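Next up: just one chain, as structure tokens, the form predicted on its own.
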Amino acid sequence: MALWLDTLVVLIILTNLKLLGSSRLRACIQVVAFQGILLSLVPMLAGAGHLTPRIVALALLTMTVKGVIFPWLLLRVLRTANVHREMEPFVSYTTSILVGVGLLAASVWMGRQLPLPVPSQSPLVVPLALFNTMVGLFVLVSRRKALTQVLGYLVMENGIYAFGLAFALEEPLLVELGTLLDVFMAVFIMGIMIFHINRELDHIDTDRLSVLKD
């Protein structure tokens, strides 16, 4: 089962590199949705020896929210904004992929140095969580479109959430559901904000908001 978990972690890492190298916003949303579905399977594989209804319910809820509801909300915003690509990011896509490889190496190194209260089923889970967090933060600061920045926020949250999912057997369900609800509300509010920005200004480039004048 550890082999399947390692394979799942590698696939999630590849989705991050795909996100860094893609300019098409629809494809980016689909990548983050696929990442959410893969992430929802982590607790089931990590606790395969003693699955409980709580772990199964958490996996199904995570898959529904991250793999269905979030992409549906963001695709609706994408259609409303009528924007298809991130044309001129602050950091080019080739450079972004190189930065991603560097972040992955740093994540693996830091994951080995970090002491864990509970042994993980895979040595790659903690590096994955760190990598997701750093990639999400990088996307937040290196992209111009508000929608892409929302995706960066989701990827960063996926990294934080991966820590909890890896040790789901030790966490109370209410804490996990509360975190998921917070993220849902944040994405919902961000979608509303993007809609209003596009309606009032005819674009969703956040860097152009700094030049607004009365």
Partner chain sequence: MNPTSFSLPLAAVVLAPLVPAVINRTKAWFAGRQGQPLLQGYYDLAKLMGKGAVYSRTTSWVFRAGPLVSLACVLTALAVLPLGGARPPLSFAGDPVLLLYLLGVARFFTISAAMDTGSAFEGMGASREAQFSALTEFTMLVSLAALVKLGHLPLPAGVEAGSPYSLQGIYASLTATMWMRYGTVLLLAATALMVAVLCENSRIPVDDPTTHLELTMIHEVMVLDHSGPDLAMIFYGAAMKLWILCALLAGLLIPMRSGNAWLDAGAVIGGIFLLAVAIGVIESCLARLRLLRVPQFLTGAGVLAIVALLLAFWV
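Positions refer to the first chain, counted from 1. Computed from a prediction, not measured in an experiment: that's the story for all the values here.
The same protein has a further form, the form predicted together with its partner chain, not shown here; the description that follows concerns it.
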item: Contact test in the predicted bound form: residue 124 vs its partner chain, heavy atoms, 4.5 Å; value: yes
item: Its partner chain contact in the predicted bound form: residue 128, any heavy atom under 4.5 Å; value: yes
item: Proximity of residue 79 to its partner chain in the predicted bound form, heavy atoms at 4.5 Å; value: no
item: Contact flag, residue 25 vs its partner chain in the predicted bound form, heavy atom cut 4.5 Å; value: no
item: Residues in 88-110 close to its partner chain in the predicted bound form, defined by a heavy atom within 4.5 Å, in order; value: 94, 97, 98, 101, 104, 105, 108
